[in-house]
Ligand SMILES: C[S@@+](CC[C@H](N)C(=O)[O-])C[C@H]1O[C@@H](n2cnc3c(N)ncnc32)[C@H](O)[C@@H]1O
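This document opens with one chain alone, in C-alpha cells, the form predicted alone.
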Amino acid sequence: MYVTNHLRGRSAVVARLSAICGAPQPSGPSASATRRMRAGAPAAGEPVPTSGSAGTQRPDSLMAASGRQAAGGVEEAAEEPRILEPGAAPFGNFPHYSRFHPPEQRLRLLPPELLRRLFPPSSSETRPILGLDVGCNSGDLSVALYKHFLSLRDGETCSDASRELHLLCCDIDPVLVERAEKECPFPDALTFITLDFMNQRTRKVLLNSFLSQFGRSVFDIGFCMSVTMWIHLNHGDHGLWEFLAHLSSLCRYLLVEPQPWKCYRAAARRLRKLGLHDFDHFRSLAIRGDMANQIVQILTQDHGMELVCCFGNTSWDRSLLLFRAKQTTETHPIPELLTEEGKERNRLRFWRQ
C-alpha cells in the first residue's frame, strides 16, 4: 500500500519541487560486521549523518534512561576500539563526519531568524521552542544549529538562551553520543541520548520523557539531516515510510536533507570493496531515483505534511526542505515577512496549495 500510494501522483510532486528549488537495530550488516565497521569517515562526495522552572533544568533522568536503553543495543560495539576500515559505517555513524561536511555549508542556507519567525514570542507565554535532532552524530551540527538560530558567536553564551530553545539530539551510536555530551558548550539547552529511532518502545519512552518536562506532546521542529538513506538501506521501503510517519507525527515543522540516490550506490560500493556484508534491502528497494521528490511525496501525500520551501542545495548537492503539519497551517501560518525576505534574497521560494 505504501509503495502504491508513493508512486501515485509522482509527476505532480516533481513539478512542485522543481518550482520551489529551481533545479536502530537495522537489519543490514551482521553484529560482528557492525563491530568491525565502527571506524572511518565517508569518501569525498559521499557523506552521511549522522541522527516553567523544570524546563530550564537538564533532564538527568532522561540521560539515565538513555544509558539503560543503550545497554541492549549498539553498546556492544563500544567494547571494541574503532581501529579498522575507513568509510565503512553501516548506520551512517562516521566518527569525523563534520570534517567532510562542515555545518557551515547548511547554515549558510538557513536564515538565522527562521525559528523566531516560525514561532514568534507571545507576551502571554514564555515557553521555549523544542527541537528534535535525529541522527545527531557527535553533535557538531546540533551545536551549530543552536548557535545559528540564537545568533550566538563562537565562545559566546547567553544566560537566557536555554529558555528560548531546547534540543533533544539522538543517535544510534553511544560512542558518538558520549563525545557529543562531553564537548557540548550548552549542556542546559542540548540533551544528547543514545536511541535507535526505529525501536518503537524506547523511542516512545525517551521522547515522551523529554516532552513531558515541558508539558508538551510534540516538538516544534525536527531536524533530519542526511539520515533518510541509512534508514532506507537498513529497514527497506516500509522502514523509510514508517520513519517519516513517526517524524511527521512528532513535529509541527520538519527540516529534511535527503541523500540522493548516488549516495546509496556509494554506500553499498564501500561495503563491497571492504568485503563486508551488503545492505540487505539495497537491491530490492522500489523507492529510488530522485530521492528528494520521493521524500516530498511520502510526507505530503501519506503523512499529512505540506512542503513549505526549499532553502537551496548544499555544495554536496543535497536539498534542505522545510515541511509543516497541515493542522499547523490553520493555527500558525507561515510569516509573510519570511516569504518576502526569501524572494528578495532569491533563496526561498514558497509553494502554497
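Here the structure is a predicted model, which means the values were calculated and not measured. In case it trips you up, residue 1 is the first one in the sequence shown, and so on.
Omitted from view is the form predicted in complex with this ligand, to which the following refers.
This ligand is not shown here, and in the predicted bound form it never comes within 4.5 Å of any heavy atom of Tyr146. Though the partner is left out of this view, Leu168 does not reach within 4.5 Å of this ligand in the predicted bound form, counting heavy atoms only.
Taking the partner from the other structure, this ligand in the predicted bound form has a heavy atom within 4.5 Å of a heavy atom of Met225. Under a 4.5 angstroms non-hydrogen atom cutoff, this ligand in the predicted bound form has Tyr97 among its neighbouring residues.
Just one of Leu206, Leu130, Cys184, Leu176 comes within 4.5 Å of this ligand in the predicted bound form, counting any heavy atom, and that one is Leu176.
Listed stretches are 136 to 144, 184 to 192, 274 to 282, 212 to 220; the contact stretch with this ligand in the predicted bound form is 136 to 144, by a heavy atom cutoff of 4.5 Å.
Along 190 to 213, these residues reach a heavy atom to within 4.5 Å of this ligand in the predicted bound form: Leu195, Asp196, Phe197, Met198.
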